[in-house]
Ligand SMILES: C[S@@+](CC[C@H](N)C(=O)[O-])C[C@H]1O[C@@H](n2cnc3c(N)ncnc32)[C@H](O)[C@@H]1O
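Take a look at this one chain, the form predicted on its own, written out in structure tokens.
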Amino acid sequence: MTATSKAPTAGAPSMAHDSGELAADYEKLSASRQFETGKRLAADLAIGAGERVLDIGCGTGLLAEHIAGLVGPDGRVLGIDPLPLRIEVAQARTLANLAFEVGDANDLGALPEAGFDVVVLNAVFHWLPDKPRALVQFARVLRRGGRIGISTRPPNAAGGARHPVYEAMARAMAEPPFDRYPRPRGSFVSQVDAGEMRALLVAAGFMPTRIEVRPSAQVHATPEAAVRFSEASSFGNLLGHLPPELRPAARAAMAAKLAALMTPEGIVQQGRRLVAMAVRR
């Protein structure tokens, strides 16, 4: 069973900016963030013993390893991710019912039809530019009655301003010399709201069972930590549009802007998560 990775989908973020250092940072930083939302998603899906689970965009494998414990020796978990360096980290997790492969959410053709009971996407869906195409792929590899669970970043509430953390970093990039290197269009997230999510799921052959927006908070100990988290979780796309020699200065400029957001607890980033669960018809 092999997941293949072909040419990137138009509008997708670049996979070329990741590094071993960023992968290692993500392993550490996501343990108290994405991993926690992923564990709640797995609980909401009631993943149980003996089930076959596909974790799409598994990163360094923390959630897939957790799910392997839920399904037990009679189940199996496959984690796929388009970033080879993160899969290298994940493959150090050596459980008999757990495997990892480099793979593309938009091309699951090498995986068996109806081969899984559950598909999980945690902090991944907003990175997929062609969501209808991807959802059709997910439906194909799920058995009838199988479940999909998605936890993703929704767009700002109607008329809502960009979060102060993102606004501060954007202000830094709008100043010289960074303003000479605009970020390419389509290189960042593609978000959907609850109504759009429902329509996408139905069109792909799913029956939604839960769609809700939940509060989500992150705390960064320092401005530098906030920058590093954004860089690691975007697999280098935060600063990938800049020449390498400018990136240290850009990190410092972003941290300087973020310093104004420091509280005694650190930089508190209040946000939201869109959680969707559905059954394949």
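This structure is a prediction, so every number in the text was calculated from the model and none was measured. Numbering starts at 1 and runs along the sequence shown.
A second form of this protein, the form predicted in complex with the ligand, is not displayed here; the remarks below concern that form.
Answer range among 202-210, 127-135, 109-117, 174-182 for contact with the ligand, defined in the model of the complex as heavy atoms within 4.5 Å: In short, 127-135.
Contact label in the model of the complex: A123 to the ligand, heavy atom within 4.5 Å: Yes.
Contact label in the model of the complex: I67 to the ligand, heavy atom within 4.5 Å: I67: no, not in contact with the ligand in the model of the complex.
Any non-hydrogen atom of Q34 within 4.5 angstroms of the ligand in the model of the complex: Yes, Q34 sits close enough to the ligand in the model of the complex that at least one of its heavy atoms falls within 4.5 Å.
Residue contact check: L45 to the ligand in the model of the complex, 4.5 Å heavy atom: Result no; L45 lies far from the ligand in the model of the complex.
Candidate from I56, A226, L238, M254 lying within 4.5 Å of the ligand in the model of the complex - any heavy atom: By the 4.5 Å criterion, the partner-contacting residue is I56.
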